[in-house]
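Heads up, the chain shows up twice below as structure tokens, two forms, tagged structure 1 and structure 2.
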Structure 1
Amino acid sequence: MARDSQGARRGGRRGRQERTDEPGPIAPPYLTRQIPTFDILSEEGVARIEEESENLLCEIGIEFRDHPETLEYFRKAGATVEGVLVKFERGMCREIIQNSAPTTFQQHARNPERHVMIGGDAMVFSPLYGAPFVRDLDGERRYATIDDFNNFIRLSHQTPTMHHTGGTICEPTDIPVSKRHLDMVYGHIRHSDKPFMGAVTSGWQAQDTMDMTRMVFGAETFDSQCCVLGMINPTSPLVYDKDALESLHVYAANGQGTVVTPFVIAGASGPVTPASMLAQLFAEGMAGMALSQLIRPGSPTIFGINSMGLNMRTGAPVRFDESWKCVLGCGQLSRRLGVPFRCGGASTNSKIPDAQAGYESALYLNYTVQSGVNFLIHAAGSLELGLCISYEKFLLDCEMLGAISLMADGIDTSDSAFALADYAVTGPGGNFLAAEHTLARYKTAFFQSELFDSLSFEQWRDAGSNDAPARANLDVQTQLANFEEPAIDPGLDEALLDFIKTRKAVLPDSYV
């Protein structure tokens, strides 16, 4: 698809102001990769990883706990079921997936101009997922609230480099666990018209997501198209629990997308070497994706991963270690399997948006882009390896995503990219400041950001000597103050609120 270079290449306050002043198409709903991926594994290496994954599935097996329906699906498909342990014939999961799982699919948005493609050369960016804490604009680290959650939805909606509003961006701890999923799904629908993810912490919460999503898109579209995604996490090593299985069944049975995402911590929930981690991640992922296809052949599914190392002295997870190789390796495995790939993004161990946060996030984002990622979760806002979300870092990360969009563009070598006629005018020793080629392209030739400072020292000093987090702090306040809710049909809004009220009336208040 054609990119709107104005929307994609401008960042910060300037970009938002120019998009307001200059009418035109909205920013592209997703990116289309124009650069190659990086294969970290040789042909022999990737084949060995696949072989070891099959060894785990065939010889060790995976437990599917407290869900007889799942066991029956696998038994009928030809697997060996021993209690809750399932052992698969060699190549069985791969065959099931390749026979029916789509290699690409479209997720619908409430605004048709914001539909996204997932898979192939498409890249979709979404925010941090699951942070219990927030570092607010006063610098306080505290538990997140529903106001924080909705604020990050608003920021995601306004930011052109964020294509998707994600799922549980942060946990609204001021609402009971049993009810907060209703407020979060409503927040995605009301405060943005981009695609979103739904609840997955239990089967009935997943079903509430289905009911609300069907109200938004209508039965015909909901029954035939992907309108919502759900994150399905195995319990590594080699276990799927009841809640994950119930949610997977609800999403797949309704033809909605499952993002099957094993989470392996090297030395804790998996071995310490990247090769062993890759084999385990792939085995766990294939088992869940195969189940989605047994439930409803052709239902959208994504191979997702989360991997990190462990500080053996403190027991704390670490971001920058050999586990980053798993991102590249799993991207390669995903392409060979023929399914879309999901991984993490701008992650850091840092507790504040400082230099460490910037370095680690930039390095990790670079690996994710090279991996061929199709759906990038944790693309913005993460501190403390996802335990905390920061308003300032959210916008700073979004600026990096804008710069990444240029890298993903590759190099234009069409006739219009060259300026031979201007050389004839300027001649040797001339300059191109006023050249026709420059004047026609200077507004979109570079990524422009006001959060990443490019002023002279004197200009920076006279503007207040603000560092990047301080500039981001001001920008967050400006964006939230000027936010305009996307349009929604009043009847639909009323119906959603009535649904939420009815469901909350019968749900207990539970904070655990």
Structure 2
Amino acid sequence: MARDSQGARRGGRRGRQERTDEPGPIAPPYLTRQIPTFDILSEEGVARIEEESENLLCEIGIEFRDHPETLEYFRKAGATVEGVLVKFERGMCREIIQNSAPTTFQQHARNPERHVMIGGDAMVFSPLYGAPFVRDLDGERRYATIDDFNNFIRLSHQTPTMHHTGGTICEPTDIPVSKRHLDMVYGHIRHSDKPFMGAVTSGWQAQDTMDMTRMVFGAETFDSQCCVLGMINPTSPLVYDKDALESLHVYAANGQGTVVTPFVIAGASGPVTPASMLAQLFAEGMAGMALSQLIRPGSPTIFGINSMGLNMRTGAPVRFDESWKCVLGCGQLSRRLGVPFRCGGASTNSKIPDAQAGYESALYLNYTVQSGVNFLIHAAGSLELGLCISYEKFLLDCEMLGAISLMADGIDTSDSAFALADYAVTGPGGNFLAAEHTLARYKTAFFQSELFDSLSFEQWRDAGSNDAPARANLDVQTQLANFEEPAIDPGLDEALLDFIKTRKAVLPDSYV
């Protein structure tokens, strides 16, 4: 079943409802933003934040713990190393990055029609990353399993608005921590042919990812192209620990993509004002990206961010205006530096896919798109600020991505967009339903949604008064029941399974 077929264009449901059309090329593998970015900061404001980032890098410094190799790279590059603390001359990280990091690069997919561009005006959407819990189709909240993980790969694969299957969508808690990375990488490869992310929990798990990815793409492609991305998280404020550094080294040394993503919680792992959060996020990001370029100049690297505010009454993290502002501001910082930008996504504090989930997810998602995001993580499925993934919300978020994707097309003001000749026929007070201009366009003019109800009240009531999650629930069931696995070379599949078996035989069982 070619769900992701021609009719798909951008809409979540539009793709599906037209799936009976004649076969055609697959949906665009990524979006091209045709609207401006929303630049919340003035030029002076951006410069002031850049200056403060340099102050942090120079005067406070960053600790790189338990990884002497990193210290050696920085020492050779001219930084001041005091124990594990590294201080950078003003402008040094920026210069290293700008000397060799690509502004735009291509990530390969198993299916060449699904290669994505990352950078510039290109936008790539990928699902939630890292949820330990799942809210399942029975409304139960429980620990996620490998079956859930693979189901979300399948849903990501057949949703046209999802361009990438992401990484640790949810944690397969039924498999030992020491082994589950193998099943996850295999899941990405087997249940989709879209691009994906690999393991970063340690250096050797990153290396397993490299080995499996190399088997998929072949040595020649793997050694010269970006075939997998890895998420590199510093331990804010101003620290990189051993696991992050080991993983960064493995990905960069192999020429694979690093998504260097500091995470600042205002008032905890950073200060409370958006300007100071921005300065810290950028300083931490620049240090990690510079390291990737010292390890292998020209290796793809992405500036990623995550940030939260706090509800000062409860102490709980929240995503309101501070986070929105950080997303928009970091987009500007990223463009001035000249690297691709990662942020996201459909994030909410809500425990269930209710109205709050809708408000919060839509706004955060929209600001990420307006920030000029190139690689959007957490684009679908998130509840509890990412602690829990919901099947129902996954499809609702995808539907919203469809509408936002059309927004990113901008407004066509070429002559054919206007209808003056039809007014001459229709006249004042007329109806445009049968106008030539309408008839030529009505099939593709609008975002068509089924999950987002637009029936009359009476029609909706007579159809069972379902709310949006109830409609999504039915749709998830249908999609999973009808899923057809993408083709894979049987030899490759066997080789991957052999590799996993061999590795699992020597790895200990560890659940922590």
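Keep in mind the model is a prediction, meaning the values are calculated, not measured. Along the sequence of structure 1, residues get numbers from 1 upward. Throughout, rigid core stands for the largest set of C-alpha atoms superposing within 1.5 Å between the two forms.
The form predicted in complex with another copy of the chain appears here as structure 2.
E220 shows a C-alpha shift below 2 Å between the two structures [criterion: core-superposed Cα displacement of 2 Å]. Relative to the superposed core, M407 shifts its CA atom by less than 2 Å between the two structures. With the core superposed, L420 shows a C-alpha displacement of at least 2 Å between the two structures. Taking the core as reference, the Cα of A440 moves 2.9 angstrom between the two structures.
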